[in-house]
Structure formats: structure tokens, C-alpha cells
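As C-alpha cells, one chain now follows by itself in the form predicted on its own.
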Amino acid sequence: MRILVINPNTTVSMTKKIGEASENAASAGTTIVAVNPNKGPASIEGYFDEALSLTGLIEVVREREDYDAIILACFDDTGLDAVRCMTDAPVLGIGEAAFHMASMLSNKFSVVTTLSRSVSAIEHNLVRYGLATRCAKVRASEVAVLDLESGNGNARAKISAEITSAIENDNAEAIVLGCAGMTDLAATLSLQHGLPVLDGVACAINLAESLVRLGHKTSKLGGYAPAVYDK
């Protein structure tokens, strides 16, 4: 099985981190290829950055068609519908994957994301996926995406503090980490706080493997009918 993992921003260090997390989550025999576009924003924090990233993301998908599944490793699920129109392989966003897994492990979960400007997009996705009633709150840690790559010593502490607030104030029973750049924090934060802390990258890899093994493809009826474009 071959899974293409796309970081829609252009930060190579984040792509490397995402690739390593994907390989750790994947089953034996699954090949992970982690890539990012050559053009676009260095980080995706809000609607404008999402729009800027789409051209580069689509180019990456058009160049690579020999994969059994595709993972979009941006928590806003940037370009998810567009990419599903481009292939019949399963295409998973790490946000949607993490929300569904959290809903199967808890009655209520909270999301801890990066900046306040990212909260609205996540809330909109929860409504769209039919999971808004399962999410107690979307919380901003006020940690910029690139601070997760720079080794900012306060980043983990800020994220941990929001998890504490989610447990105490939201009655959250699970936490979803709302950024692909947080992928390396999930295990230690879960142990520290004593509840499931889900990383969307690992969730998406495991769900994608299951869909491929079951032989399922993206439906080409209706909204995900094949895209018309010059290859």
C-alpha cells in the first residue's frame, strides 16, 4: 500500500515531522511518501492562507497519481473536496479523521489549535461534518504554527494549559490537537493529562489504511464527480 501525505504549506521541516509521524502510525508494508508544494504560504492559519495554498496543493496531486490513498495534512482540511474530485482513491483530511475518532472515544471532545483566527474554520468544519454537537469547544493556544517548528519552549506549555482548561471548564473527555505541527506532542500530553489526545495525522493514516484494505474508493456520483482539467 502506498499513501501520499501532503503538507499543503511549504515548510519542509514540518513535512519531515509529518512524514515521520505517518511512518510511525502506518502498518508494516505501507509506504509513506510525504511532500509539500514548492509554492504557497509557509503556514496555513486562516481562510486567506488556505486560498493561497490551493494552487500548489492541486499541482502536487496532479503530478502524482500512483497512490492508494491521499492524506491532506492541514487541520483545516484545506482543499479536501477539490482533491476528492481529482481521484477515486480515498482522500482524508486530518481534521475530519481526528473528529470522527474522538467521537468514538468520548461523549464530548475539545479541540486545541494554534491561533484564534483558526477557530472559525474548524468550527465551520465541525458543523459541516455533523459533529458540532460532539465538540465542547475549539480552543486557541495562541501558538503560531511556525513556533511549533522553531522549538519555542513555551509552545508545549501553552497547549498543555489549554488541555487543562478543556478538562476543567468544558468537561472534555478527549482532546483533538488542531494542527499537523503538533503531531509529536500527542502521546506525552495524553499520558500527562490522563485522557485520549488525538493527533489527526495518525488518525488519518489508520483510517486510510482501513479504507484501502476494504477496497473502498471515493464515490464519483454527485459532488465528487471527476474533475475536468487538462492533465
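Quantities reported herein were computed from a predicted structural model and do not represent experimental measurements. Residue numbers here begin at 1 and follow the sequence given.
There is another form of this protein, the form predicted in complex with another copy of the chain, and it is not shown here; the text below is about that form.
Three-residue candidate spot Ser103, His124 and Pro196; every residue lies within 4.5 angstroms of another copy of the chain in the model of the complex by at least one non-hydrogen atom. In summary, among the residues Asn206, Thr164, Thr188, Thr31, the only one with a non-hydrogen atom within 4.5 Å of another copy of the chain in the model of the complex is Asn206. Contact between Ser210 and another copy of the chain in the model of the complex is found at the 4.5 Å heavy atom cutoff.
At a distance threshold of 4.5 angstroms between non-hydrogen atoms, Leu54 is in contact with another copy of the chain in the model of the complex.
The closest non-hydrogen atom of Ala172 lies within 4.5 Å of another copy of the chain in the model of the complex. For the chain shown alone, Val143 is not a contact residue for another copy of the chain in the model of the complex, no non-hydrogen atom being within 4.5 angstroms. Annotation for 67 to 85: interface residues with another copy of the chain in the model of the complex are Asp81, Ala82, Arg84, Cys85 [heavy atom within 4.5 Å].
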